[in-house]
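Only one chain is shown below, in C-alpha cells, and it's the form predicted on its own.
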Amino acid sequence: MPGLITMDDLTDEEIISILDDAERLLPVARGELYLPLLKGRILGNLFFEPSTRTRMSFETAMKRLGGDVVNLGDVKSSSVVKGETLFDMIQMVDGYTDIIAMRHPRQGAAQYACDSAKVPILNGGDGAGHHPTQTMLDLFTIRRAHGKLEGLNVVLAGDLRYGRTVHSLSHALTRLGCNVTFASPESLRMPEEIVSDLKDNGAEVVETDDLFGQINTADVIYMTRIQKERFPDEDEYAKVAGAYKLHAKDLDVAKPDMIIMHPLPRVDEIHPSVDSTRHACYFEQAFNGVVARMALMCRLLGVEVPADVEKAGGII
C-alpha cells in the first residue's frame, strides 16, 4: 500500500484484516509483550497542527514495535518559517524515514504528500477533510465493545460540518453495515456531498437536531467537539457553542451496553459525571489509537503480524 489518505484506500476485507491484526497486537500495545516487528524502521511525525493523542499514539506504536521516531517539532522552529514548501519537506523527510504520519491544516495536503513521497504516508488529519487512522481505532473500539459492527445503531453528534473524524467514520460505518444517524445543529450538518455519497452507495441516513431523542435506541453515541478553530466567523461559533451536553442523568434510558465515544479533546459536550458510568468509552478509545496504528504501520510496511503473538514475542 502506498499510503492511507482516506478510507477509500482500504477494501472492506482489508479493514477487517487490519482490525484482526490489531486484536492480536493488544498485549504488545499494553507493554505486556515485546515484539520488535519494526526494529530498524523509522517513523517521521510531521504535525503542522497541534496534536496530543494522534502524535503520541503514533510514537508509542512505533516504539512498542521496536522502531524509532523523528518528530518535526514546533512548526515555528522548522524551515517552514523560512518558506520551505511541503513538497521540498516531504522529499527531505522521505530520505530520513521509512514511513510518515502527517497532520496538516490544509485539506488535500496528505494526498499531495503521498503523491510526492516514496515512503508510505499515513494521514493524521488534513484540515476538515479526512482522518482515516482515527476511523480505524474507532472501528476497533466499537467492535471490541459489541463484538461486531453490522447492524449497530450509531449516532454521530455535534460538529459534523467541520469534524474530519466523522467524515471518514461515516463512510466506513455504512460500508460495514451500521445504521447511522447524524445529530447536529442545522448550521453544523454533515456536508451534503458526504450525505449524497452515502445514499448513492445504498446507505440509509437519518438527519436530526434531536440528539437526546436518539439515546434509547443507540448502540454507540459518538460525540464531537464544536471546533472553534474551524469557524471563519467567531459569531457563528458563539451561536452553536455548547449545543449538546451529555450528563449522566441523560443516560437513564440508554441500553445497558451502549457506549459513548469521543475523539477528544472534549470541552463541555460530555459532563464529567458521565466518566464513571458504564457507557464511557472515550479513554479506552484513545488507548486504542496505539494498537490500531501499530497494525496499520505493519500493513503499510509489508510486515506480517504473527498469528500467535504471544509465542512470537518476549515477556517484558
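One-based numbering along the sequence shown. Since this is a predicted model, take the numbers as computed values, not measurements.
Another form exists, predicted in complex with a small molecule; not displayed. Remarks below refer to it.
* If you check S170, T141, S184, Q134 against the small molecule in the model of the complex, which one has a heavy atom within 4.5 Å? -> Answer to the contact question: Q134.
* To do: Have a look at V69, L26, L35, L264 for me and say which one sits with a heavy atom within 4.5 Å of the small molecule in the model of the complex.
  => That would be L264.
* Any idea which of 247 to 255, 50 to 58, 271 to 279, 36 to 44 reaches within 4.5 Å of the small molecule in the model of the complex, heavy atoms considered? -> Flagged stretch: 50 to 58.
* How about H104: is it within 4.5 Å of the small molecule in the model of the complex, going by heavy atoms? -> Because no heavy atom of H104 falls inside 4.5 Å of the small molecule in the model of the complex, the answer is no.
* Tell me, yes or no, whether R161 is in contact with the small molecule in the model of the complex, where a contact means a heavy atom of each within 4.5 Å. => No, no contact at 4.5 Å.
* Asked: Is there a heavy atom of R225 lying 4.5 Å or less from a heavy atom of the small molecule in the model of the complex?
  -> Yes - in the model of the complex, heavy atoms of R225 and the small molecule come within 4.5 Å of each other.
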